[in-house]
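Shown below, as structure tokens, is a lone chain in the form predicted on its own; questions about how it binds or moves come after it.
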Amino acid sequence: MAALLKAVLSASEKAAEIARLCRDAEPLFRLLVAEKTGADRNQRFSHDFKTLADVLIQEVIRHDLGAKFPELRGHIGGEESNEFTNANGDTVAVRVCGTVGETAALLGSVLHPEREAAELLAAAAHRDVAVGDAELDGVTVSIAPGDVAVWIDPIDSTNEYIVGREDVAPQDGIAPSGLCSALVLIGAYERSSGRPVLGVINEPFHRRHPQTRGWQGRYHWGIAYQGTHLSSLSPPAPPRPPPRVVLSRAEAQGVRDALASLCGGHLRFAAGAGYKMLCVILGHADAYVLSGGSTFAWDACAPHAILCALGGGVVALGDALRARREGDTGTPPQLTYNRPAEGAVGAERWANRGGLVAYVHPQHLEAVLEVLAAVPGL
């Protein structure tokens, strides 16, 4: 497990470097901010540059993990399709090639005539990134890479990434929006059970260096496997009432009203599913509640593993509420990541239908379920 964790952390660090590069290098930043949607979108290639950055990061992670652990190949899933249509109408599958030059040529076929941008991205994709973390040497949990599969969210909260605001003041440690909510998420789950076992969250835009003003990132990891719970984070503080809950601003009004009555003045709003779960992981919130099915396996797998390592978890809200209404007061089952939804197609096959609740302390999960069980329509 130590070798797999190191590989995932290294891949997340390389991903974070590419995400920062796309904002710091002028040829890339120019493409990033120029892309629009709808009629205003640049028509030189079929997907905007933001999506290409997403796809390249995803494929870099897939390539690096597959090179280190061949038994993972074919078992690394992600949010994005890697196929683009270039200006000539040709379909190009984005991938990391054998050499920098070959990768630059492939990316150039999508980005033409932006040759410099393609070369910068290719160089970053092939750069070695090592993680010097002595704490990792003490990880002795034994799980074969061939027994796990991986979900990648290359840039969670992509809208905040493209807008890039840095002036959003946090409230009680939670930023309502901004570049800080753009995260790299890599989670591993057990193939047989679907349970999350390893998670890494990388914050590429954690803070500016006080002298150079360059971006500095940080990462967090957790392992939860067969009774062993390890994490880069300190154990959570004891639970305290009332719980602090973080939501999306698009959350249903009935859910907002019910949780406001539970939390008083401790209801907060933020962007990005991964970021809201990170707020729970870091102790800025006690629960993240989502009543709709707008998150997916790649959003939740990595944070879920870390939450399990801290003694918490992520449950399906709809299923938990149905069980409560039928008199089942036991702990709801955790989300799993190995089975697509029946009858769904495309990305919806991996949607977390019925919403979710992410938490650290079971007491806070129970408090949330109790008040939401009275909300009509949930």
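From 1 onward, residues are counted along the sequence shown. In this text, all values refer to a predicted model and were calculated from it rather than measured experimentally.
From this point on, the text means the form predicted in complex with a small molecule, which you will not see here.
Enquirer: Is there a heavy atom of I162 lying 4.5 Å or less from a heavy atom of the small molecule in the predicted bound form?
Expert: Output for I162 is no: heavy atoms all beyond 4.5 Å of the small molecule.
Enquirer: Evaluate T158 for contact with the small molecule in the predicted bound form, applying a 4.5 angstroms cut-off between non-hydrogen atoms, and reply yes or no.
Expert: Although the small molecule is absent here, T158 would touch it in the predicted bound form, with heavy atoms inside 4.5 Å.
Enquirer: Wondering, does F205 line up within 4.5 Å of the small molecule in the predicted bound form on heavy atoms?
Expert: Answer no; every heavy atom of F205 is more than 4.5 Å from the small molecule in the predicted bound form.
Enquirer: May I ask you to check whether A271 falls inside a 4.5 Å heavy atom distance of the small molecule in the predicted bound form?
Expert: Contact with the small molecule, yes.
Enquirer: Name the stretch, out of 260-268, 126-134, 293-301, 191-199, where some heavy atom lies within 4.5 Å of the small molecule in the predicted bound form.
Expert: In the other structure, the partner sits against 293-301.
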